[in-house]
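What follows is one chain in structure tokens, specifically the form predicted on its own.
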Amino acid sequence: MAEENAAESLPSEVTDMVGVPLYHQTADFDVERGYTYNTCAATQNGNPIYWDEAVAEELTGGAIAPPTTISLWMRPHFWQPGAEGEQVALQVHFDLKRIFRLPEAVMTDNTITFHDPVRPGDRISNQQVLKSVSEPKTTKLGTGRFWVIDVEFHNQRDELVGVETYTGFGYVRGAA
């Protein structure tokens, strides 16, 4: 019942977004081994699956990108030639902040579900799906709403390679 009331209290601009794939994007470049090496070096990840061709071939049928790099392929450069305005990832999150006039926001949860491996040479596309928006809530941070957004990732063969689920909380700060 509370979920129905929450849905009833949402503006149609938001209810029209729920469950609809939005902001379909394809990365501007293919998955590169350089990103794998940089990521592994930065995190001191010595897993031979990323460094040794023979190990990668034996275990995964060839080189793969570290699964945790999946969101690299949805993150636009802050500036790109020919693009207008600031380029941001997770546009649905920023849309909700604007619609609800919530100037602050934090991500309270992030879960990644991996499917097929991402391999060098793949061209990854993604789309964002708003799963839910809560009724107004008050926390220690302030008053606002929680929302859940899935980012679905596919390779150039339209195979699902992963889903990243974000829970965000957009809010107005409470009185200090």
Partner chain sequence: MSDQLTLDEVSVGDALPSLEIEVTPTTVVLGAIASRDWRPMHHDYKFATERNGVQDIFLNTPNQAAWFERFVTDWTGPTGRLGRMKFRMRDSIFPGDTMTFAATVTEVSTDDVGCGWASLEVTLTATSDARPEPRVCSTCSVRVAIPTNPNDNPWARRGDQWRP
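Positions refer to the first chain, counted from 1. Quick caveat: nothing in here was measured; it's all calculated off a predicted structure.
The next section is about a form of this same protein that is not shown, the form predicted together with the partner chain.
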item	value
Contact test, all of P66, L72 and T111, partner the partner chain in the predicted complex, heavy atom 4.5 Å	yes
Contact of I49 with the partner chain in the predicted complex (heavy atom, 4.5 Å)	yes
Partner proximity in the predicted complex: P117 to the partner chain, non-hydrogen atom cutoff 4.5 Å	yes
S134: touches the partner chain in the predicted complex, heavy atom cutoff 4.5 angstroms	no
Residue contact check: T43 to the partner chain in the predicted complex, 4.5 Å heavy atom	yes
